[in-house]
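In the form predicted on its own, a lone chain appears below as structure tokens.
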């Protein structure tokens, strides 16, 4: 079954526009290739995807070395906001960029909802 990139793009656009304090989102392969993205202006989709894959790879290695099991989520917190990588399937990772003002509990709930929606399209 082919992946419907139009529907994936629509889900990302809806997620970014309807979730408070979310600035961008992308769905990337574990190899660092972009499947779809709605990113802030000036961000290179391919570069963001490659960095997301590098974060995922390093996170998996750390999880293994520290005996924490498989990685479900990776956070990067900076002084202006968050980058959150969430496993979406074997073939995709969901990246969310949020401002510092984001309420983490609500954000994680919205991410979980979006991942559930994306998973149905990735099967």
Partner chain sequence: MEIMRLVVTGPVGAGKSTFIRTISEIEVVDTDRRATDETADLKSSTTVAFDFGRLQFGPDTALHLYGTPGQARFDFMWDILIRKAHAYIMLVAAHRPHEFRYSRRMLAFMRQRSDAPVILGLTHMDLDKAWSQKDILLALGYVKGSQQPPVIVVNPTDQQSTTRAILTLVQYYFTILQAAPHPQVYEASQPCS
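Positions refer to the first chain, counted from 1. As the structure is a prediction and not an experimental result, all values here were calculated from the model.
If you look for the form predicted in complex with the partner chain, you will not find it shown, but the lines that follow are about it.
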property: Touches the partner chain in the predicted complex: residue 39 (any heavy atom, 4.5 Å); result: no
property: Heavy atom of residue 72 within 4.5 Å of the partner chain in the predicted complex; result: no
property: Non-hydrogen atom contact residue 81 with the partner chain in the predicted complex at 4.5 angstroms; result: no
property: Contact of residue 66 with the partner chain in the predicted complex (heavy atom, 4.5 Å); result: no
property: Residues from 35-71 in contact with the partner chain (non-hydrogen atom within 4.5 Å) in the predicted complex; result: 46, 47, 50, 51, 53, 54, 57, 58, 60, 61, 65
